[in-house]
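The chain below stands alone and is given in structure tokens; this is the form predicted on its own.
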Amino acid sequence: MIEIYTVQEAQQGILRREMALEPEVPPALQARLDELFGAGSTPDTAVATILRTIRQQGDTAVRHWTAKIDRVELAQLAVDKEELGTAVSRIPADLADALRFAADRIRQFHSYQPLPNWTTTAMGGRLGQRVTPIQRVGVYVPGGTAPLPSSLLMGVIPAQVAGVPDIVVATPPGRDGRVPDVILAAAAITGVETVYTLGGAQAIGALAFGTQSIPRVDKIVGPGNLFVTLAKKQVYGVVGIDGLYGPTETVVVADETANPTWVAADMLAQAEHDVLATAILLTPSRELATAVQIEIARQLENLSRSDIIAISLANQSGIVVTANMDEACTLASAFAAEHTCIASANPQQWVDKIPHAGGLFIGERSFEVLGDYVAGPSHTMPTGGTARFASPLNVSDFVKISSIIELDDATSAQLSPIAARIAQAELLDGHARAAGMRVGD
């Protein structure tokens, strides 16, 4: 049963941010770490070991850790081209149509995001910026308890819109050692030609460092489990990364007019992702809080992942009764959730009161599940409170900016003594001399 809390209780509990990269390790996971990496190993040290051996041994280490961790022996690391090319024919036709429809909307949305080259002559000579795509990107697509073709679409398509010429996908093998057909079909629909049967830290290491059969990439994007996130953190600097993603989370801000059946359904949809998922309702209406609590209990009985949902609802989720909608919005912004949904009579009036959110879902018809699949924006959004400073995955994640500096003679002569004076203050006489010798010419 999901609990109803006061604001004070929630601030000491479900609204309190913990360090996403330093979670408590369950006993079963600790036993597995001890078995594979030695007594007292932590997720962080285990990842460091995997990355070090991949850097040193390449494909051999990749195969070793896949066999040890995933219990899959890989004959080849990349999916066969013929298997990839025929994948769409192996999934139901209506599912293929749904993936194509989603891909078209995601592409259309991201095509509106500007990537401006610009220059100005107003400051003397020519100054500006040049935007160019990253050359090679690796998109990680999680496997876990279910295949996620939507994550492939959400990672690959913004990169394509940005003009990235070389995009590869890495995704964990299933128990049969194969990538699920629905993942391969999504790759085929987007036009991706290379899919690696690799998951976890070993996938991140192979993409970051390169191996005998996997060329290194320039940037890695996409969410994953704790080990993927730790690996991305450790390889940052060798390659670029989009962000460090923790468990998924949704906050619903609702008034007394909200539909309790819909609110409950939206919270359950979030909770079914993972036992660590967070689903929180913030409302000033005690009546709505009680109605949603009852609805969650009723709807939970008919869901196939009820065991996962029950743990999420008990540990990370809850309903918080606030003094008013202003307080609910303040709490929502402070929590800075991955998804923030506004369900009220006039949802637009509360938007500006929630500056921190990965995605804002405004009105009960704009529910979070649509954002997961077909609304248009990438569903890869900042988690763990990082929406205070981070953004959803978008085309700007796949380009880089070069500054253009082309000064005319008069402007160069004007700026040189000023630069020389600042250089002298920094005790950099080589800098000062390089600037000073231009003054008289």
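In this text, residue numbers run from 1 along the sequence as written. What you see is a predicted model; the values in this text were computed from it and never measured.
Keep in mind the form predicted together with a further copy of the same chain is missing from the figure; the text below concerns it.
Partner proximity in the model of the complex, defined as non-hydrogen atoms within 4.5 angstroms of a further copy of the same chain, places exactly one of 192-200, 73-81, 86-94, 314-322 at the interface: 86-94. Heavy atoms of Val217 reach within 4.5 Å of a further copy of the same chain in the model of the complex, making it an interface residue. By the criterion of a heavy atom within 4.5 Å, Arg32 is excluded from the residues contacting a further copy of the same chain in the model of the complex. Taking the partner from the other structure, a further copy of the same chain in the model of the complex has no heavy atom within 4.5 Å of any heavy atom of Asp255.
a further copy of the same chain in the model of the complex is not approached by Gly163, whose heavy atoms all lie more than 4.5 angstroms from it. Exactly one listed residue, out of Ala269, Leu276, Val168, Ala291, brings a non-hydrogen atom to within 4.5 Å of a further copy of the same chain in the model of the complex: Ala269. Screening Leu226, Leu244, Leu331, Ala310 for any heavy atom within 4.5 Å of a further copy of the same chain in the model of the complex leaves a single hit, Leu244. Across the proposed site, Leu15, Arg63 and Ile280 without exception lack any heavy atom within 4.5 Å of a further copy of the same chain in the model of the complex.
Taking a 4.5 Å heavy atom cutoff to a further copy of the same chain in the model of the complex, the contacting residues in 386-405 are Thr386, Ala387, Arg388, Phe389, Ala390, Ser391, Pro392, Asn394, Val399, Lys400, Ile401, Ser402, Ser403, Ile404, Ile405.
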